[in-house]
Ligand code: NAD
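Heads up, the chain below is alone and in the form predicted on its own; it's given as structure tokens.
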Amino acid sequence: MAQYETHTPAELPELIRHYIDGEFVDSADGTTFDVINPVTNETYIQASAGQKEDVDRAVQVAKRTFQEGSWSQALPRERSKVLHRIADLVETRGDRLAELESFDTGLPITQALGQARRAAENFRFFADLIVAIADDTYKVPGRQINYVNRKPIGVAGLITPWNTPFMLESWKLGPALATGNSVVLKPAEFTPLSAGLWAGIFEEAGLPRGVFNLVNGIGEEAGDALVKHPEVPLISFTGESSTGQLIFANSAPYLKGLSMELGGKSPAIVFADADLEAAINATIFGVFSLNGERCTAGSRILVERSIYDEFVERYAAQAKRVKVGLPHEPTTEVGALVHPEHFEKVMSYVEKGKSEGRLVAGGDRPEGYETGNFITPTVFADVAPDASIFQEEIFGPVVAITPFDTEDEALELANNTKYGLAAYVWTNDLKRSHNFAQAVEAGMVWLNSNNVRDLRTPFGGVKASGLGHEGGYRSIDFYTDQQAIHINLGEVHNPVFGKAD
């Protein structure tokens, strides 16, 4: 057994509990579930396991506070002030958040430290947007004015994933609250620890009691109850495509609004005229950062044949130098995968890959890490387009590299999966870069760039990668009802039925 010690944060709660109507509470039936430390795979805490009754209580509180109007009817400027205070408080808790997140998820501490800053920016962005937003007005001079009135929808159901959980919660909480909704958040069961920080942050910032509610639990129980609740008119979900399909089906009888950011198998296309050093650095980071547990990972690298051998050689050598280590150590670049179930899934793909491609780096446990969920950054070359490691989302530090000869072949390979979330194109040919970007089946494309988000742009995918978009005005659209109001200014012009003689 490996002789290493995990870093355990101080002052952990005795139990991770729900937060409903301004109070931390147990599940109604007292049930709990285990939460595991990914470095040791030992249970380090219990969390309340929300059931239908707990979700219903949270929804009723959220519905009541929405109808009372202290938040839903507040002026945009008043909501904006609270959101800015939330952002300030998130930043002040950055070190604590990073410590909890790294411990709970296995993410390297240096990568977890950026999450508070990004979470704060999500709130700041929507705090600014909600006071600057302008709605459309259409005038017919002397006859009619038509304008759009936006209204918050009600109770927003937010279901979030286990990779960078706090930051991704902020991505949904920011716009949902900015537009005046009340919310019920269901965090991922693998990583519920940091979600409890929201309660204190929101209280201190002045968010009215009962506007934010949190129910922990298993997806098939708490998540399912939230999706099927008749008084939750919209669901925002980030997670696996198969879960998204289930949510889509379970929401259908209630005709809920849905925003779903699902899986990906994103291509990075490297042409011979690309800046090779920049492309290698970006594609290494793109699949091995966040332990490879990122939906937009460029996990399929397509390389023009004339530079293919050099690319593979340099890429494999650099992947072997990526530092695997304990999450709390500042030199660690890849930490522990989130959970033993996920570790087994990723390792099963590594084993498949050994017969589907040429293993040029990794493929096993790092030396000295015989326990916990540690995998060396793994690189397969010469991978055929029908291979499972080319087609299926692995969600770990595993990459498949495939050669191409022509631009048409590159496009065909890039589009040859059920997914369509992101794509990365590396070329110095301006015309090719634009034409290729517009032809690739992906909701987001980066040209000669790593995954750098502008919060004003739509985030989402096509095909099996998603339904709808969030980000910028698209988030405002999703979390509000748009009501068209028509005002007559002149003589009423309409046919008269049943007119008296």
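Each residue number is its position in the shown sequence, starting from 1. Keep in mind that this is a model prediction, so the values were computed, not measured.
This protein has a second form, the form predicted in complex with this ligand, left out of what is shown; the following refers to that one.
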Any of the heavy atoms of residue 424 lying within 4.5 Å of this ligand in the predicted bound form? no
Report yes if any heavy atom of residue 210 sits within 4.5 Å of a heavy atom of this ligand in the predicted bound form; otherwise report no. no
Could you confirm whether residue 261 comes within 4.5 Å of this ligand in the predicted bound form, counting heavy atoms only? yes
Residue-level question: is residue 300 within 4.5 Å of this ligand in the predicted bound form, judged on heavy atoms? no
Does this ligand, in the predicted bound form, lie within 4.5 angstroms of each residue among 174, 203 and 214, using heavy atoms as the measure? no
Could you check which residue among 219, 94, 196, 325 gets a heavy atom within 4.5 Å of this ligand in the predicted bound form? 219
In the predicted bound form, which of the listed residues (395, 71, 390, 271) lies with a heavy atom within 4.5 Å of this ligand? 395
Specify the contacting stretch among 107-115, 239-247, 148-156, 371-379, defined as having any heavy atom within 4.5 Å of this ligand in the predicted bound form. 239-247
Residues within stretch 186-201 having a non-hydrogen atom within 4.5 Å of this ligand in the predicted bound form: 186, 187, 188, 189
